[in-house]
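One chain comes next, on its own, written as C-alpha cells: the form predicted on its own.
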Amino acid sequence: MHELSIAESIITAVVQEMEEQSLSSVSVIGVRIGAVSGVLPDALLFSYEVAIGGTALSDTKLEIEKVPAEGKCRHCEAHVRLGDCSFLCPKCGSGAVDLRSGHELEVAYIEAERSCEGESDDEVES
C-alpha cells in the first residue's frame, strides 16, 4: 500500500513546514488528489490516521479535495471532463485528449497557529 508512504511524506513535509514557519500547532492539512493520480483517498486517510500516532500532528485532520480528470481534445478542441476509466473525448470519441488535470497529489494548505504570542490562526499555502 503506497498510501502509507505518501502519508509519511505528508507528515515529514508538514513537520518541516512547522519548523520553518515557527508553527506551534497544526489543526488541518488540505491535500489535493487527482482522479488519475493512482492514490486512493480512503486508503490515504486510513494510512494518515495510522502514521500520525506519536507525532506532532497526532491531533490533525486530513482534508482531501478530489480533482477530476479534465483535458482538451486535440481533434475537436473541446475542454472535457474524463471518466475514471475512459480517456476518450465524450464529445467526438477521439482518444487524442491531452490531460490538463487529474494527476495532482499535493499539500494545498495547512491550518495552523504560529509560535509567536498575539498571532492568531493562519493558513499557510504550500
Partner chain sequence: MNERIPLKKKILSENDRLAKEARDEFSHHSVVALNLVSSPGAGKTSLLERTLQALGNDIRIGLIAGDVQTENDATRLIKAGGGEMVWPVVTGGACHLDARMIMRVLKDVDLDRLDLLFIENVGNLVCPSSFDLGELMKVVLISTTEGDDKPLKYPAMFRRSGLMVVNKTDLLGTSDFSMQRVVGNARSINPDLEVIETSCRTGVGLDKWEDWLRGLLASGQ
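Positions refer to the first chain, counted from 1. Keep in mind it's a predicted model, so treat the numbers as computed, not measured. Rigid core (definition): largest C-alpha set, two forms, superposition within 1.5 Å.
This next part talks about the form predicted in complex with the partner chain, which is not shown.
The candidate spot formed by 19, 52 and 55 lies out of contact with the partner chain in the predicted bound form, as no residue has a heavy atom within 4.5 Å of it. In the predicted bound form, the partner chain sits within 4.5 Å of a heavy atom belonging to residue 96.
In the predicted bound form, the partner chain lies within 4.5 Å of some heavy atom of residue 63. Among residues of the shown chain, residue 69 is not one whose heavy atoms approach the partner chain to within 4.5 Å in the predicted bound form. At a distance threshold of 4.5 angstroms between non-hydrogen atoms, residue 87 is in contact with the partner chain in the predicted bound form. Although the partner chain is not shown here, in the predicted bound form the stretch 98-112 places heavy atoms of 99, 103, 105, 106, 107, 108, 109, 110, 111, 112 within 4.5 Å of it, in sequence order. Once both forms are fitted on their core, the CA shift for residue 66 between this form and the one not shown remains under 2 Å.
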